[in-house]
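First come two forms of one protein chain, each written alone as structure tokens, so that there is a structure 1 and a structure 2.
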Structure 1
Amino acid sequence: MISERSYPYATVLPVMLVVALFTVYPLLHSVYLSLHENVLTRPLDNDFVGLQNFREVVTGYYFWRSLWSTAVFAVMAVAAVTLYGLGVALLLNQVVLGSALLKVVVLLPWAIPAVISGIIWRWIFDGDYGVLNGLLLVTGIVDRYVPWMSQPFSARLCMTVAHVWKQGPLAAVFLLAALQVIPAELYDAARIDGAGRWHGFRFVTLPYLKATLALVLIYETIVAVATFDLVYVMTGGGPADATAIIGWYAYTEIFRFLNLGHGAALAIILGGLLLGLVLVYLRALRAEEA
């Protein structure tokens, strides 16, 4: 029997072990890999090469391209998810029949795999047989099918739509929770002071939402930068690397070109990038509060 004194350790230990096994060791291993030459097609050359992998990655043409694609997608995706989430949260916070019904279905896209979200939207946007093209043709908006996924800009847009559809509900639920704790008296007071809808939103709702909005922005930036599943099933990084965002690029370095050293270096750069983003946001948040 476990004594009361050792009880907390006994309960925390199993969880700690699993988490540590998949945190500490992988980090050290990644650092080790990134500092050595490690190309699976040349298994015997395993020299220590210092920062050479990082140098090769950072000076490579594809790295900057993928960084650019990542930035473009992240800005589009984070802005769209946040705005959509805010809009849906404001709707859900109303007392009308529609919002009660919307509450039942709003989590559906969030609950299903990102892979499936990608499959669904790729089929909708399909340039040969997609239903979007069909509807646009029937309504006379286009006179021939448009290959949405074959142009860099529209391919990014398609991916953003799929991403918003899947990620938006979570942002909406987070923001709704923050909306619900805003005291109603504040709106009454604002109305007495002659504030209209917009001013109520601008000077009561937004200040109250600031902390949650910052959290949503951080979280959504991490999710967008690390997006992989959608790229895998929707575009395969194309067209012309427009959607080859950094997570996908790291994957191809490792599993197509079998260069573990490059892959690990990229992974560390990506990890550092995300950590940096988190810190910047947290600082901005603290500065706002002060």
Structure 2
Amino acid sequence: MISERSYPYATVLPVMLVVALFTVYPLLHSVYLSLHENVLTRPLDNDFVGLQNFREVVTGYYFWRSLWSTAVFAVMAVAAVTLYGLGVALLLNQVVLGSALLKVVVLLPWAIPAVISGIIWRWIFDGDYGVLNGLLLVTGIVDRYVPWMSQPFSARLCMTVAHVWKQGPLAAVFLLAALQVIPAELYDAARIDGAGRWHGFRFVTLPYLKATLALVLIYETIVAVATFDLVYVMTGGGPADATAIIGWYAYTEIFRFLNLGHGAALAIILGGLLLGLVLVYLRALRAEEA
């Protein structure tokens, strides 16, 4: 018989074992790989090399190039997703005809797998037969097909649009839930005091949304920095490494150059980078609350 004192531990133990199996063990194994030489073309060489893998990837040209590409894409994607989610949430918060159906339509892209989403947008932005080029050509905005995915800035912009279409609905749902708990009396009091829509948004809505906005920023930053599937499907890291973010760099080290040590080192660096960004967000939020 399980005693009353040990019952809580017994109920939590299966979950902890699953977490250890699928989270703790892969993490520890990645640390092991990063500290050893693991190149599949030399399977018998498995020597301990310490921090050599980290030193080799950090001092390489592609690491800093991928870090810059990651930063540019993350800034564009997080800003766009947050603004899109806030705008859609404000729109859906209004009582209009068909708002329930509109909520379902807005949320639908989030339910589509990321790979399928990337394939859809790759077809839309294709420079030879893309839907976007067809529409622009028919309306007379352009006189020939534009190779959207062949220029660094436009390729990043295309990826950002695809990312917003996929991730924006979730941000909108979070912010809509926060909007719906704001007391209506606060807006009434603001109108009585002569505040317009902008002042009501600034002094009533935004203070109530700060915690949710912080959650959206943290989550979307993690998703943007760790993005891989859109790069794999849409651009393959090109053109000129403009979309070769750090997750793609880790993939190429493992599956193209067959260097598990370098790939594991990059994965750990990426995890540390994400942890640092989350801590910065949380510190800024605590400072704002103080």
Partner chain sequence: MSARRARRWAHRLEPMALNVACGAVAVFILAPFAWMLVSSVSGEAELTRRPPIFAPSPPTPANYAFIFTGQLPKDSTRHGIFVWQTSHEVRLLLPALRNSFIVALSVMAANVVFGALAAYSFARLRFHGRRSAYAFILTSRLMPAVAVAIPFYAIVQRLDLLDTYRALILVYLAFTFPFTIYFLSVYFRYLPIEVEEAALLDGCTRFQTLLRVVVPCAVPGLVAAAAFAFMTAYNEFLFALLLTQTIAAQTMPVLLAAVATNPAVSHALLASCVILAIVPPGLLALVLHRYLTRGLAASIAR
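Throughout, rigid core stands for the largest set of C-alpha atoms superposing within 1.5 Å between the two forms. Every residue number counts along structure 1's sequence, beginning with 1. What you are looking at is a predicted structure, and each value in this text was computed from that prediction instead of being measured.
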Task: Matching structure (the form predicted alone), either 1 or 2 - done: 2
Open item on the list: Is the shift of residue 272 between structures 1 and 2 large enough to count as movement, that is, does its C-alpha move by 2 Å or more after the core is superposed?
Closed with: no
Task: Rigid-core frame, C-alpha of residue 21, shift of 2 angstroms or more between structures 1 and 2 - done: no
Open item on the list: If I align on the rigid core, how far apart are the two C-alpha positions of residue 12 between structures 1 and 2? Answer in Å.
Closed with: 3.2
